[in-house]
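Single chain ahead, written as structure tokens, the form predicted alone.
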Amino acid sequence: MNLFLGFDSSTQGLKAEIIDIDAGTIVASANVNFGKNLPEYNCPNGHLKNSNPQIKHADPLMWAAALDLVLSRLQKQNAPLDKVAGISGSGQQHGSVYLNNNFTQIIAELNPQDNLSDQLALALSRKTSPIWMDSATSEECRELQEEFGERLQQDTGSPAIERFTGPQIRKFMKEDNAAYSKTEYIHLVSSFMASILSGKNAPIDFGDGAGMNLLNLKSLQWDEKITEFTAPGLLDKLPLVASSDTIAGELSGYYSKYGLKTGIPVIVWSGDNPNSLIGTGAAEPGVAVISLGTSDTFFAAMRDFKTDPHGYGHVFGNPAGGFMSLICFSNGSLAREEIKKDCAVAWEYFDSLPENKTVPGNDGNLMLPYFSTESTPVVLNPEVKYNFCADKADSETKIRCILESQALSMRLHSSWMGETFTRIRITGGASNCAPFLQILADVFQAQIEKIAITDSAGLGAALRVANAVAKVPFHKLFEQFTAAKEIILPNPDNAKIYNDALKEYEKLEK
């Protein structure tokens, strides 16, 4: 066996899976749900309760406790932890951890007789960690935009974004400068987890570092002027940046109590989105991924570094080299759920939408499905708009309307990449909706590949470490672990219908 371990530290839990690259299989997996399995940290949905709905923080000690727990669960399964040859992981992007000058000594001297969370409690300079759901930094974003203007997006890949780490650090520095001054190290979730595994200060990889508004993607170094403006002295508090195949260090002896071999390589962790690019087998340009979840995301590898002129799309590092884009549509399954309620039907009705009652193009019926605030385009005051009288429309028309409008929005807002996608890989809950997959195939005139991957971020982390340690090319790993389970071909007869619909949708959105 040739085994590698990948972790996925997500918003609501920590997952782990061990892959065998000789057999092309996942040989063991375990997971921890923060709310259910670690209730003492008071993060039932992955974050602490706060009277201000914009503030979303978590207890970073919970992530360390979850690491202990998930490894103990693998051990109880008799998973072959002693044969694991390398480790890496995925962390929820943008979250930050603030540590004092005790941190490096504590992780270098971890005592196997005690647990991680108790030992790391003495290393925190800030007791809570803002996560990607936090949106309380509008003032700091405005200040960054006023100072750097278009350069911020042109050089870091994104305009100032509330959930990004740079604005979060600036807010902390302004509101609690004494605690900021006592902060020796500021890590992302990914580099924090890699550090406590390797027993040393781990780098931040280019993929995750790009989600901070601090990394200059042209030089692949921290931007000195932006970091210094964000918070004085910040450059000295940030870890080094490194490529995604960098060895962060050797596994600490602490983890031998779970059966892992001390000294095996720990590869730098990356963010959940870059890891998912790998875990869905889409590291090459020309292949896109659409994840149909609560929010819909569209991401793909990029041939060249470029930025979205409208500022909706973000650019991160591609762990396989180069860059990737990501576009988030907040009203994904959330909007489909609203139409489901309005039509008083089950999801099965979406999945078997009667073809004889609607036609491609839906007779020109379109909608803007902003049931909640939207990120692409930015809509802060939710409002649903139709170009027809929805009150008199039947269920079939409304269902096709939401599906076609969402597909057209994805095509419209991914066009800045200048890429013709010949293959689109689909994952997420709504990937079981056959009519939606056909609509996506026809709107993009691309082959849709349905993939059955339950944790693309964790799998991506495992594939990354296999590539870095065993030197197996990604394309071979993709053949083993990410093969399509079903392929849907586009109907060329519908190309003109949706080209015309795209123009109408763009008018409606404007």
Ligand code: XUL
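Each residue number is its position in the shown sequence, starting from 1. In this text, the rigid core denotes the largest set of C-alpha atoms whose superposition between the two forms falls within 1.5 Å. Keep in mind the model is a prediction, meaning the values are calculated, not measured.
This next part talks about the form predicted in complex with the named molecule, which is not shown.
Checking 98, 255, 316, 436 for any heavy atom within 4.5 Å of the named molecule in the model of the complex turns up a single hit: 316.
Though the named molecule is absent from this view, in the model of the complex it lies within 4.5 Å of a heavy atom of just one residue from 350, 132, 323, 148, which is 132. With the partner omitted here, the stretch from 104 to 112, 380 to 388, 272 to 280, 414 to 422 that lies within 4.5 Å of the named molecule by heavy atoms in the model of the complex is 272 to 280. Interface membership of residue 93, defined by any non-hydrogen atom within 4.5 Å of the named molecule in the model of the complex, is confirmed.
The shortest heavy atom separation between residue 201 and the named molecule in the model of the complex exceeds 4.5 Å. Among heavy atoms of residue 170, none comes within 4.5 Å of the named molecule in the model of the complex. Contact check for residue 491: no non-hydrogen atom falls within 4.5 Å of the named molecule in the model of the complex. Residues are counted as partner-facing when one of their heavy atoms sits within 4.5 Å of the named molecule in the model of the complex; in 278 to 309 these are 295, 297, in sequence order.
Positional change of residue 140 between this form and the one not shown stays under 2 Å at the C-alpha, relative to the superposed core.
Core-superposed comparison between this form and the one not shown: CA of residue 85 displaced by less than 2 Å. Once the rigid core is overlaid between this form and the one not shown, residue 265 does not reach a Cα shift of 2 Å, moving by less than that.
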